[in-house]
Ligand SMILES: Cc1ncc(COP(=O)(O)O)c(C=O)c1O
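Next up: a single chain in structure tokens, the form predicted alone.
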């Protein structure tokens, strides 16, 4: 499925650059591969990694294995409901009372939207609004899935519910909130789902990460099982038990309790996801910049490029020039705010006006930089569609 430089250059040359594009053929290939990896398990789509309604609909309609969306912001969830999407699970808690009121009104109308909680304060706010709306509002508890090793916190700081005793306390308090119903549990093992073990910038740390990942998988499966069993003992059926991400589809679904795994980044396959050893998806999304200068021999300058990914600062968060092959960033300059110089030792004969293709380090964040995605298929631009940003929806 690999596409050549000239395949894209002839499509984009002459268009207004920089531009973002989605290769529909590669996206469809990734959809098929992710479906195989899930082995008939249910997949919820992470909207933060997609940020385009066209793509969300395309994935949902591609296979019945894809059911529901995990949203990242309350106003985004409301907007998606208004645009025909349903079965929404909030990936993060919110204390926005206007949004929670809208959630409860949507529940009253028969929509399925489930806010995330991990604290008594969350329960109190949602209870007061659900009581006012005279409904039973389903909720989901976020369980922390990080691991602590000597001197190392392996994972991300999310939920404070990081052991069975804290979970029991929160569960036992639910009897005081009659307008809330515990629909499910979620646990996102970021250190497994979002960190590869073959990162060229990490060196020996890759081995350490691999060892800790294996230990963490065992520990987290035990923690999740204890929480599920206690909740069910207290009378909660838990029809929804969500976990994982692109990097942990197999290990998460290996836990028999899991009803669904969330996947987002794997559909676009940004550069950070090149560093996994157990799967390889295709670079379905990227951006094209135009050569505007030739400062010296074997060096070109393109307009744009400074679309740095979030998270801990490091070289791996820079965009990667990937076509034509042979480009590399200049360490002292990196990707610039307006222009990006790059060195070239490849075989293509390049001139001012040609395009250079880059990949973003993370998935959906690229859509925060562009209003549109040019949809490429079978050698043509078949459509130009809006991103969330292009629809005037910059949620975070």
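Positions refer to the first chain, counted from 1. This one's a predicted model, so the numbers in the text were calculated from it and none came from an experiment.
Note that the form predicted in complex with the named molecule isn't included here; everything after this is about it.
Colleague: Counting non-hydrogen atoms within 4.5 angstroms of the named molecule in the model of the complex, say which of 289, 130, 263, 141 makes the cut.
Modeller: Filtering the options by heavy-atom distance leaves 263.
Colleague: What is the one choice in 46, 366, 335, 59 with a heavy atom within 4.5 Å of the named molecule in the model of the complex?
Modeller: Of the listed residues, the single hit is 46.
Colleague: Counting only non-hydrogen atoms, choose the one of 165 to 173, 264 to 272, 311 to 319, 226 to 234 that falls within 4.5 Å of the named molecule in the model of the complex.
Modeller: Selected range: 264 to 272.
Colleague: Residue 356: heavy atom within 4.5 Å of the named molecule in the model of the complex?
Modeller: No, residue 356 sits far enough from the named molecule in the model of the complex that none of its heavy atoms falls within 4.5 Å.
Colleague: Within a 4.5 Å heavy atom cut-off, is residue 55 in contact with the named molecule in the model of the complex?
Modeller: Result no; residue 55 lies far from the named molecule in the model of the complex.
Colleague: I'd like to know whether residue 257 contacts the named molecule in the model of the complex, with contact meaning heavy atoms within 4.5 angstroms.
Modeller: Answer no; every heavy atom of residue 257 is more than 4.5 Å from the named molecule in the model of the complex.
Colleague: Though only this chain appears here, would residue 103 touch the named molecule in the model of the complex if you measure heavy atom gaps against 4.5 Å?
Modeller: Because no heavy atom of residue 103 falls inside 4.5 Å of the named molecule in the model of the complex, the answer is no.
Colleague: Counting only non-hydrogen atoms and a 4.5 Å cut-off, give the residues of 161 to 189 close to the named molecule in the model of the complex.
Modeller: Those in contact are 186, 188.
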